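Below sits a lone chain in structure tokens, taken as the form predicted on its own.
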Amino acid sequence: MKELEKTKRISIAAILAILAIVIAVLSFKKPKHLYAINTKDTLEKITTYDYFISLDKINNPDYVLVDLRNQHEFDKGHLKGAIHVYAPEILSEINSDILKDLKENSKKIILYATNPNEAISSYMLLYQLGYDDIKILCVENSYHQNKLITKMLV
């Protein structure tokens, strides 16, 4: 009789464990962002320096300037025609939709921030996610008497 109760308990525990595994598998969600390019290829791309673009070469209707600075800096002053995508929120749903739309419309994304070093991490992330038509604007932005001063670095 005691053996029968032990077998019942083991059977119930096994069923509960299987049920927990099934629930876990069914509730698993596919990640929204998947890397298309591996880290090794991204690092090789970074060493070529062909991802920089100068200010005098951005006058093209297929280029879209993306300002990665915070909202306050963007409101203080930004380059003409730039859209705001705050770097720490680059993978938010709204920003992902904006960037995906730019990619689908074959627009070249030109990232810029206070300096190119601040834009490199966003560049690497987007490049790994498959945004291959992307550049970093080689400028340094500062303010003088609340006016945006953009200095070319090349």
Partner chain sequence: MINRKLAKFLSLQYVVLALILILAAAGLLLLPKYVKHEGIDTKELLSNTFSNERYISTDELANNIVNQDPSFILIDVRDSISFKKNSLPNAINIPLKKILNEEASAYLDQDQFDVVLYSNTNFYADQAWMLCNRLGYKNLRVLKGGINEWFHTIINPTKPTENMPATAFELYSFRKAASMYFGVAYLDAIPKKVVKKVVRKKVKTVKKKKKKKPEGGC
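Positions refer to the first chain, counted from 1. None of the values given here were measured: they were computed from a predicted structure.
What follows is about the form predicted together with the partner chain, which we do not show.
Interface membership of Leu26, defined by any non-hydrogen atom within 4.5 Å of the partner chain in the predicted complex, is ruled out. Under a 4.5 angstroms non-hydrogen atom cutoff, the partner chain in the predicted complex has Ile46 among its neighbouring residues. At least one heavy atom of Asn38 is located within 4.5 Å of the partner chain in the predicted complex.
When the partner chain is considered in the predicted complex, Tyr63 lies well away from it, no heavy atom lying within 4.5 Å. Proximity of Asn70, Leu79 and Thr150 to the partner chain in the predicted complex is absent: no residue of the three has a non-hydrogen atom within 4.5 angstroms. Site annotation in the predicted complex: the residue of Ile98, Ile58, Leu129, Ile109 reaching within 4.5 Å of the partner chain with a heavy atom is Leu129. In the predicted complex, the residues of 92 to 129 lying within 4.5 Å of the partner chain by at least one heavy atom are, in order, Pro116, Asn117, Ile120, Ser121, Ser122, Met124, Leu125, Gln128, Leu129.
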